[in-house]
Every structure is written in C-alpha cells, then in structure tokens.
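In structure tokens, the next block holds one chain alone, the form predicted on its own.
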Amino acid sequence: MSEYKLELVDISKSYGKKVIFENINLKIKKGEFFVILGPSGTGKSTLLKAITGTVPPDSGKIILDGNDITDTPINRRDIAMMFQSYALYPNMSAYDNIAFPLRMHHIDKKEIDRRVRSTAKMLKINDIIDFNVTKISGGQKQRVALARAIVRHPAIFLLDEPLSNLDARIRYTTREELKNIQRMLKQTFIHVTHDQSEARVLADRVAVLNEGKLEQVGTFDEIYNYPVNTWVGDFVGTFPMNFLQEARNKTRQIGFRPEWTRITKKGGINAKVLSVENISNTAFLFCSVPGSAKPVVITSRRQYSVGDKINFRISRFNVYEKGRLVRKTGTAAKKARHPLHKTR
C-alpha cells in the first residue's frame, strides 16, 4: 500500500494562452499537513479546484488513495473543501449548516445529531450551534465551516486561505487550533495560503508555487535555509535573503539570511546603515554595500543610527550560479575560505 494519500502527476491548466499551472507533480503523504504557499494569482486556488473536480485539468492525473479520480464526478470524490468566504448558508443556524452535507447523504437523524454535537464540542462551538450564522463572529463562522467539513469524515481536507478573513489575534490562535485538530483527526490536510507565518506554523511540508510552476517542496526550515533559487530566497522569509555578487565569479552570488551575520570592529564587509527596524530585542539594519543594488539586511543586538558605518561578517552562506543553488553551507562555513571577506 502506498504511503501517499494524494498524487498529482503532470497536472496542467490553461485558459486560452494564459497558463494557470503547468506540469505540477506532488506526492502528499497520509496524515500530512501540507501547505501550498505562493503569491496571490499564482494558481494555488485553481490547483485545489482541480483536485475537487470543479476545474478539470487539461492534462495529467489526480490519484487519491491509489485510485485515479481525474474523471470522477465531484460528488464521488470524498473530498471536503473549506473556502476563504466560509460559504455558509445565511438562512440557517450553525447546527443546520454543519448537518447539511449529512442530510444530503440521507444519514439517519440520530447519527446526524451525534456527529454535529460531537464535532461542535471538539471545535468549542457547542454553545452557539443554535444561533443563526449571521449572528456569530468571524472566528465562530470559521469554526462552523470547519465543522461542516469534519462532520462528513472525508478522505482528505482542502483549505483555501480559510484564516485570511480573521483579524490578527484570532488568526494567531485559530491556526494553532487548526494544527491540533488535524493531529487529533490524523487526516490529510492541504492548505493554500500566501501567508508565510501560516506555512511555518502549520506545515509538515510546504510546496512553493510561483506563476503556476512548482519551485520547491520541503519543510519550511529546509526552504528557508536552502532556497533552490534566488526567487524562493527573495520570497520566503520575513526579510528576503540577501544576495551579493561573488568577487571572483561574476555569474555567482552569495545568499545569506540577516541572522547569519555579525557586526565586527574590523574586517569583513563594509556597510552604511540606511534605516533600522526593531523587532523584539533585535535591530534589523538595512545597509548599503559596495557592489549591491539593493539594501542588505543584517542583525544587531545594539542600536545604530542612520548613516553609521559598520563592518559585518557572514557566518554561513549559500552559493547560487545563475540564480540556482549550487552549494549550501552550515555553520562550519565560518571556518571556510569566504569569497566576499577575502576581497573587502
């Protein structure tokens, strides 16, 4: 038996000359919380719709539990999808919204009541299930929509940016609860988002999508530390990865994160502070560096002012050849011959 719950094999979709996504190949494991991360308009939601069957792919295969469901009708795919808009019925109570898919499958009334109430209790909304959904908060609506998906006991859950309509504080607590629910259910979740903090907290693995092309798949830490190309390095992270041209090879760049730097009294790379952003007890210094068209971001435990001249060293780095990762280093890199420090 395969370890994979869902497999996408060379999936492509276009509308006329506009390519939505192209030759997507993914293998998602059973019980995995898998996040598809990318900028808005990059084909993430359409990819989910292809899995549900609402948008048939132009080519490729969709395999669920070892069965090819590419041409299987929507109502026979055993997939639950949760939308950004929640898609609740405004004329119904929370209870009736949750019960709706079970009634459509003619489940026994007592079984419906048992499932609805047990699911509502799990999601901590049992005290509002008799309320009309227009009378409850955004966070409660989100939980009702999730309960409606859970109550069906589907083979797989698809979530299309379900947290984006919540305010920041509720979104923070809800994403933790969502991960706990997924662990409790031991089910496969596929979650689409443009929010990197969601990907970092929720994902067992992440797929980075860019303009319909799959750039990289791995854990968030793998993608953050070793982006496969400069686009991923620039996109992933609170601050983009820094890239400086290697002095001895014009086609190569050194890529490093702000926290991989340290300020020194002498030696290293010369820089001038352009601006400062303080986060917690760390100062992020945006600096101009000779030979760099963009500001380089480094970190410091002490305050500096705009215009200050400093020196910094890089403790670890990646090497990129024509934009592609060709060498990755760890903390031992500080002992290695450094292609930038040598020339400064």
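Heads up: residue numbers just count along the shown sequence, starting at 1. The shown structure was predicted, so the numbers you read here are calculated from the model rather than taken from an experiment.
What comes next is about the form predicted together with a small molecule, which does not appear here.
The stretch from 273 to 281, 311 to 319, 289 to 297, 38 to 46 that comes within 4.5 Å of the small molecule in the predicted complex, counting heavy atoms only, is 38 to 46. At the 4.5 Å threshold, heavy atoms of residue 161 reach the small molecule in the predicted complex.
By the criterion of a heavy atom within 4.5 Å, residue 20 is counted among the residues contacting the small molecule in the predicted complex. Proximity of residue 245 to the small molecule in the predicted complex falls outside the 4.5 Å heavy atom cutoff. Although the partner is absent here, residue 84 lies within 4.5 Å of the small molecule in the predicted complex, judged by heavy atoms.
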